[in-house]
Each structure stands twice: as structure tokens, then as C-alpha cells.
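Look below for two forms of one protein chain, each set out as C-alpha cells: first structure 1, then structure 2.
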Structure 1
Amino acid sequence: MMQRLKRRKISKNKLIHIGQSLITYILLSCLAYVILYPVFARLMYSFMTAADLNDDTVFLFTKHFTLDNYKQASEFMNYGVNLIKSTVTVFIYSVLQLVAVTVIAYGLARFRFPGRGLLFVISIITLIIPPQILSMPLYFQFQDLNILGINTGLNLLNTPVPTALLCITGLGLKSGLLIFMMRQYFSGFPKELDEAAAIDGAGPFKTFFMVVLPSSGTMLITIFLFSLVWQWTDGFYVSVFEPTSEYLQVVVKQVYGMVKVATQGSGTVDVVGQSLINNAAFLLFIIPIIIVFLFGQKHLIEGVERSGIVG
């Protein structure tokens, strides 16, 4: 009798587990569809011709496969040159932001000083402030650089300096979230290691560089990848501080207008062709991010788990 009850209990638990797993898979599948379908649709449309879009029997999968959309989009974007410019610039921004975020987060997590909690709260509040609100005062600040009331007369607009200054001072894009993640990680870092380093005669800076950083490789890579992705996809600050730049973040928004200007000479505007080329330009823009994700997804998952955001 007892064995039958145990078997029924086990089978009931299995059914509950299967039901929970099924519901989870369904929800995740729906979420994946919502996220991935627009990208997949653009991918399929980018290989189509105008005849495919005008053909009612064509749905997503083309009958006339072509790479002409990518060729034209690449020409309009000057893809090769601008890809190198964007990659180098975004890499530098991400390194500067990583340095600032790591130092700030370590100070907030390991040192006690008056106002520490307030500074941390302020860094979190920056996440809910839209960048549009800050863009105007920042624009005038960099147009005529003023340091502690001293007017330098420098105009830093249309240069990478404004974004670099924001990154290195901990005010860069999404820096508040990155500081939070690093602070959570450093807060859980064993204090015994700091004490052991202090016994060996290491000061705070030596402990930070010789003990903490070498043990934080995965988290540092995670923060760097987050910064890299956000800097790459940011077209707002680049448009505000460097409106004449030719970074891919700016150029990809201008492809539709470029195609329109190029086709106006024929007397007609090819709206369908504009749409197809625009889809190809969008995919050319996100290809580097997809490559970064494929190679860095393991570090991203581990870093998020160690930051304490989930669980």
C-alpha cells in the first residue's frame, strides 16, 4: 500500500514537473518569436527583389534570390571604411567605460565613507533619466567647454572627445546599471583576500590591481561586452555630439534618404527598392553585434549570474 502511494506521489510530481516545463517552453517560445521574428523577416526581405514583394504568393521566402540589396547598401554606407572607424571608436569608448565603472563600483562596495549610499542611489537614478533631457545641457557644455567655472573656449563637438569624457567619468551610456552590476559582484567578493593582502603589506591600490582584478575576469568581460553592445547601437549621443560623423550608427539611419536622393534623378522614387536596401543596411549594421554575442554569450550569462541580478 505504501509503495503504491509513493508511486502515485512520484508520478504526480513528474506530471507537475512536465507541466511546468511545458508552460516554460511555451512562454519562452512566444517571447523568442516576438523578439526574433522582426529580425528574421528583415533577413528574408533583404534577399528579395521588387518582383517578390509584388507577388502575393511570396511570403518571407524569396523566389528570386539576390545580393544586390547588400551591394547597394554597402556602397551607400561605405561599409568597409565606416565599419573600421566605428569598431575602433566603440572599442575605445567601451574600455574607458569599463575602467571608470570598475573603479567606481569597487570604491562603493569596499570602502565606507560619508555619502556612499547617496552616491550609489544617484548612479541608479541616472538609469531612469531619458538621455534627451541631458543632451541639451551637455551639448552646450561641450560646445564651449567650461571646467569649474573656467571657460576654456574649446569646442569639442564633432569629435570623439565628448563621449570619451562621459565614459571615463562614469557618466556614459547605461553606466548606472554597469556600476550596479560591478558593485554587486565586488560586495560578494571574499574580504579574507583583502585581509590576507593587507597582512602581506599590500595597500588598497595594490590589492585592487593584484588581487581583485585578476579574480574578476569573467565579470570584466561581461561589463565590457554590455558596454560594447550599447555603444554600438547608440545613435542618439553620436548624432548629438558628432552629427557630421560617418559612424555606422549614424549612416544606417541615412540609407533610406540616400537611396531616395539617388533615385530621384530618374523621375520616380522606388519606395520598394528603398525598403529592401534599408533592410540589408540594418542587417549589415547588426552583424558585428551578432558575432560578439556568439563568441561572448558564455561570459554574459556567467557575469549576470555573478552580479546577483538574478536568483
Structure 2
Amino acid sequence: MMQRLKRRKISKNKLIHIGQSLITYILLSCLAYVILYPVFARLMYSFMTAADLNDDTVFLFTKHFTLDNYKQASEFMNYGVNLIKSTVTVFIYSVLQLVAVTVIAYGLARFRFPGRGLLFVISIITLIIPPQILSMPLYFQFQDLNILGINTGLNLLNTPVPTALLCITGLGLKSGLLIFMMRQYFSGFPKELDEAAAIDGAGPFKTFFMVVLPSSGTMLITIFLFSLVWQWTDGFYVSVFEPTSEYLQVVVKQVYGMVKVATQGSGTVDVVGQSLINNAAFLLFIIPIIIVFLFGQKHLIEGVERSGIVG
């Protein structure tokens, strides 16, 4: 009697469990579909010709496979050269941002000094200042560089210097958020390690470089990847400080207009073709950063979890 009751109870629990996971899967799949469908559709449409788009029987799967959209888009964007240009500058910006954020956050998390709280509050405030407020005065400053009243007559616009300067001083794109994450991480970093190093006679700098940094690999990669992703997709700073540069972030915005101008004379590409080329340009622009993301996703996700915005 007892045994039968027990068995029935187990099977009931099991049923509830299966039901729960089924609902979880269905819900998650629906939501994942909403995110993935646009990306997938863009990818599928990039292989289409204008004829496919006008054909009502075509849905996602092309009847006339072509790579022409990519070819044309990469010509308009001068893809090869500009990809290298963008990659190199974005990489440099991210390294600078990583260095600045790490050093500043460590200072804020580990040492007591007057003004520490104020600096932290300021780093948060930088998040809510609309970037236009700062970028306009900075634009004029960098156009005609003035250091402490001495006019150097240097024009730094359209060079990477302004953005690099902002990155290295912890005021680059979303630096406030990165400082916040890094500070939280360092606050949770076991202090015993520091103390042990101090007893062994290491100064704060030696401790930082020899003890703290080597054991913070995941967190450093996380911050670097975040910086990389945001710098890559940044359209604001680059359009203010380097408007005539040919980074992919800048040219990808111009493809639509360029195709229009190019086709007005010849009449070879219609509105549909224009959209297709623009779509291919978009994909060419995000593919590098998606690849980086797929390689680093483990770090990105674990980093946020561990860094403990939570701590």
C-alpha cells in the first residue's frame, strides 16, 4: 500500500517536472526566435536578387543565389582597407580604455583617500550626461588645441587622438559603466592576497601587477570585449571627432546614399537592389564583431556574473 502510494507520488512529481521544462523550452524558444529571426532573415535576403524580392513565392530561401550584393557592398565600403583601419583603431581604443578603467577602478576600490567617494559619484554621473553636452566644447577644443592658455594651433580633429585621450583618462564611451563593473570586482577581490604580498615586501604597484592582475584574467577579457563591442558599434564619437575618416562605422552609414547616387546615372539598380546592397553592407559591418563575440561570449557572460555588478 505504502509503496504504491510512493510510486504514484514520484511519477506525479516527474510529470510536473517534465511539464515545467517543456514550458521553459517553449517560452525561451519563442523569445529566442524574436531575436534570431531578423538576423537570419537579413542573412537569407543577402543572397537574393531583386527578382526574388518581387517574387511572392519566395520566402527566405532564394531561387537565384548570388553573392553580388556582397561584392557591390564591399566595393562601396572599400571593405578590405577600411576593415583593417577600423580594426586597428578600435583595438587601440579598447586597450587604452581597458588600461585606464582597470587602474582607476583599482584605485577607487582599494585605497582610502580624500575625494574617493566623489570620484566614484562622478564616474556614475558621466553615464547620464548626454554626450552632446561634452562633445561640442571638446570639438572646438580639439579643433584648435589650447593647453592651459597656450595656443598650439594644432588641429586634432580627424585623427584618433581625441578619442584616444578620452579613453586613456577614463572618459571614453561608456567608461563609467566599465569602471563601475571593475570597481565592484576589485572590491570583492580577497584582501588576504594583498596582505600576504605586503608581508613579503611588495609595494602596492608590485602587488597590483604581480598579484592582482594575473588572477583577474577573465575580468580583464570581459571589460576588453565590452569595450571592443561598444567601440566597434559607436557611431557618435567617431562622427564628431573623425567625420571624414573612413572607418566602417562611418562608411556603413553612407552606403545607402552612395548606391542611390551611383545608380541615378546608369539606372541599373532599383530601390529593391539598393536595399539589398545596404543589407549586405550591414552584414559585412557586423560579421567581424559577431565573430569576436562568439569566441569571447563565455568570458563576457561569466564576467558579468562574476564581476558582480552583483557584489
Partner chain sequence: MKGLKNRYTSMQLREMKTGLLFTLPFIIGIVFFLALPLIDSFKISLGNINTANGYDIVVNGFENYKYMLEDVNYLEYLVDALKNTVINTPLIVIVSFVIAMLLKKEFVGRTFFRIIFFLPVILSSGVMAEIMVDVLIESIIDPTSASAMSKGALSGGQELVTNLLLSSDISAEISNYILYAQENISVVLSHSGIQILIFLAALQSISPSLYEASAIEGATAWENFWKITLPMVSPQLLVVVLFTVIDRFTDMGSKIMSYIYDIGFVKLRFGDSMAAAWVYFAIIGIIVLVLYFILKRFVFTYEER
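No experiment lies behind these values; they were computed from the predicted model shown. Think of the rigid core as the biggest set of C-alphas that the two forms share within 1.5 Å after superposition. Each residue is numbered by where it sits in the sequence of structure 1, with counting from 1.
Only structure 1 comes from the form predicted alone. Rigid-part membership between the two structures: Phe65 and Leu157 are split apart, as judged by which of the two superpositions better fits each C-alpha. Comparing forms between the two structures, one finds the smaller rigid domain rotated against the larger by 8 degrees. Taking the rigid core as reference, the CA displacement of Tyr37 between the two structures comes to 2.6 Å.
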